[in-house]
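The chain that follows stands alone, in the form predicted on its own, written as structure tokens.
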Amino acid sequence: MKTIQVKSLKGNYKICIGRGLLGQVGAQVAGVFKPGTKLMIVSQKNLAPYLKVISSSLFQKGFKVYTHMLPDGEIAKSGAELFRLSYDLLTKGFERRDGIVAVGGGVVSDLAGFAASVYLRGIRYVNIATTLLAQVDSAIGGKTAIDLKEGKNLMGSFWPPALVISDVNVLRSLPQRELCASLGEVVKYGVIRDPALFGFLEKNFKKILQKDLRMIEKVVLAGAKIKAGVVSRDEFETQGERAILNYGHTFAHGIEGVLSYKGLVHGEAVAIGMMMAAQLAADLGLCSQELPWRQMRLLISMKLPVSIKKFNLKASAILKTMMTDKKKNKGALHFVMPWRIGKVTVEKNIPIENVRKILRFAGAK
């Protein structure tokens, strides 16, 4: 097992990465909560086999274990589900010393983490990440949120987990589409910070897609180290560095919003968004013309989409949704754009016509 330390003003925590960690959850969680406390496992029904192992491990360490199931999909990140979980905690008598154990991907950790941040003005929670996307990205850093009808992640908090556990073995059962979608975020890390990781993905994508756990563990470790370093230095996105993690996301959130979060999973939307951001950077002379092509070749090799043509979307509708993005400042959208593989910059005041051009380039009308 490898561990990575994450600094937080609200309490430092560690990320545990390895294989066969689910059976050790009780021992790890015992370092955060005292035996005898109540723990609410928050998860989804498709993860039931893992919940038995986790519950047993926690029970053996003397914890009182309860389970709360969320619906599948993005619908779980709603105000209704937030209140349903909060009332479940309340009716079972959860106090401030008790906690939540989120088992799942980004949807589960977002909802469970936000509930932890507001229940009794804040209780601790643990993230057990079961998707590649969660293991390299969403389980780390303390961003929690729910969606509003106007857009994604518009209500939330910075509330870091007390512990993150990433068992790479669970990725064996990850559907191929979810694996590929998660790799979109891994490509992001290569572009924004680590050219060696980008090259590793180019060289080993076939083994990764075949679920070679040795290769995947290296990917998880590399991605988690990058995310941990960035959020340790800029936890609340006030120094500018954490903004680079949004590479491709402004476009992606606009596309997802217009599609009502149907037809594309998040990592797929991010892949398309990165393609758009790279091409925008090339059009503006910020990077070479070769960079977007190199990035696109890697995305395609990982079975990720790079176009929205089949969805028949209007550029004006995507732009309107993008303007609700929580990352805009003084009414202006900010775009993370590459200078070269491994280095990006945050640009604002991009002419709207350039943005429209990129949307049409990607297949919008």
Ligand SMILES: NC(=O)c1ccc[n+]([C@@H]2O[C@H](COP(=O)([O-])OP(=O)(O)OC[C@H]3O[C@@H](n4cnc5c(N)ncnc54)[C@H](O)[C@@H]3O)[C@@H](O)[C@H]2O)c1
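From 1 onward, residues are counted along the sequence shown. Just so it is clear, the model here is predicted, and its values are computed rather than measured.
The discussion below concerns the form predicted together with this ligand, not included here.
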item	value
Option from 216-224, 80-88, 113-121, 173-181 whose residues, in the predicted bound form, bring a heavy atom within 4.5 Å of this ligand	173-181
Among the candidates I165, I255, M275, V107, the residue which, in the predicted bound form, approaches this ligand to within 4.5 Å (heavy atoms)	V107
Among the candidates L298, A315, M322, L47, the residue which, in the predicted bound form, approaches this ligand to within 4.5 Å (heavy atoms)	L47
4.5 angstroms heavy atom contact with this ligand in the predicted bound form for R193	no
4.5 Å heavy atom contact, E241 and this ligand in the predicted bound form	no
Distance check, Q279 to this ligand in the predicted bound form, heavy atom within 4.5 Å	no
D98: touches this ligand in the predicted bound form, heavy atom cutoff 4.5 angstroms	no
